[in-house]
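Listed next as structure tokens is one chain, alone, in the form predicted alone.
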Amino acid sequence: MVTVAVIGAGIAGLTVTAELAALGHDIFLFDKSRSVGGRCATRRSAVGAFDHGAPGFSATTAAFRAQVAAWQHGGWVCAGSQGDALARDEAPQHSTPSPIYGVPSMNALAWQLEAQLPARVTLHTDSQVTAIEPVDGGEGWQLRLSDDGFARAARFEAVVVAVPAEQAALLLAPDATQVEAMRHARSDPCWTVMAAWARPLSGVLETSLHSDAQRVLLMARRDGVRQGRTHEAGVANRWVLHATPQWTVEHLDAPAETVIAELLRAFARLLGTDLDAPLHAVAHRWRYAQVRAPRSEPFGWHAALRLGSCGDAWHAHGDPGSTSPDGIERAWLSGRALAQQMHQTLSPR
């Protein structure tokens, strides 16, 4: 068994870590943030929690459906309720399965995955890896950190990169093939606004909201109504507004105040009514939100270098029963498949 460094503790990183550790490998998991989860993110505030990253996910492949069923049995996730109102680019032409959410929040799913990691996993948060470099005078890799030092474990026999494609392309420099693959798997950015009101919003029906004519809003989702959510005194509604990729690109460096004002105006147009001033309104920019054209391969892996990559930029098709897995499902499928391939390569026969 070998010592592996995994860079990125989103769903893909947590999955490949758990799978490799269960197979007997020692894992050092690094993430630049203060906690795990990536876009399975929740923002705490005085008016309650907002799931401001991934708004939920679906399960289209047999393998992931089985995993989600296990998570649901454990109380980690639940299906969406009728209280969710969604606004999308196009109105659905047929009924679709309810989205799946973490309980009581999206980041709770990542926390549960972290809590289940075996003891042979060492997690380092607040640790940004800036380069993967060969060990001087020997085989293996060392990780350079943002403070220009190296990770405490001096040598890793294999490395996995599980971060957004644009960041992965920089870290995967030792393998030109994986770099090229990640350069073609571009991510769309997304501005989000988290807003709360003291009074109910008039004219809101669960199925009545669609993207506004100006193409500012991709989705408006009511927060605070799902299983496990707390209700704050004096707060009637919490909403998360997601801008379209095109609008976000055009306003990528706009001040937060401008973004809040524009998305609230678009939301009012969507509702066909004037809005009260919100009790709370905060903007967050996701620079790497949704992969526009994922790879068809399930993962990247250079056996000779022992360098791999996984995440939502990979695994566009899933298993034969799937059509288009979403980002969280692709990340899980990719991490799981890479772990299985790595174990075959790394383990003595």
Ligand SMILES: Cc1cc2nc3c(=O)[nH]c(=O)nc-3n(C[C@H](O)[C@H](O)[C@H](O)COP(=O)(O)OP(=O)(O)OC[C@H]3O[C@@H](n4cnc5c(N)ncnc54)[C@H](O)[C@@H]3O)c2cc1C
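Keep in mind it's a predicted model, so treat the numbers as computed, not measured. Numbers follow the displayed sequence, beginning with 1.
The form predicted in complex with this ligand exists for this protein as well; it is not shown, and the discussion that follows is about that form.
With the partner omitted from this view, the residue of 47, 283, 54, 27 that lies near this ligand in the predicted complex is 54 [heavy atom within 4.5 Å].
Only one of the listed residues (244, 127, 187, 237) places a non-hydrogen atom within 4.5 angstroms of this ligand in the predicted complex, and that residue is 127.
This chain is displayed without this ligand, yet in the predicted complex the stretch 160-168 from 269-277, 67-75, 160-168, 113-121 comes within 4.5 Å of it by heavy atoms. Contact here is defined as any heavy atom lying within 4.5 Å of this ligand in the predicted complex, and by that definition each of 13, 326 and 331 is a contact residue. With a 4.5 Å cutoff on heavy atoms, residue 43 does not count as touching this ligand in the predicted complex; it lies far away. Proximity of residue 60 to this ligand in the predicted complex falls outside the 4.5 Å heavy atom cutoff. Contact between residue 342 and this ligand in the predicted complex is not found at the 4.5 Å heavy atom cutoff.
Not displayed here, this ligand is approached by residue 37 to within 4.5 Å at the level of heavy atoms in the predicted complex. Taking this ligand as it sits in the predicted complex, the stretch 282-314 comes within 4.5 angstroms of it through a non-hydrogen atom at 286, 289, 290, 311, 312.
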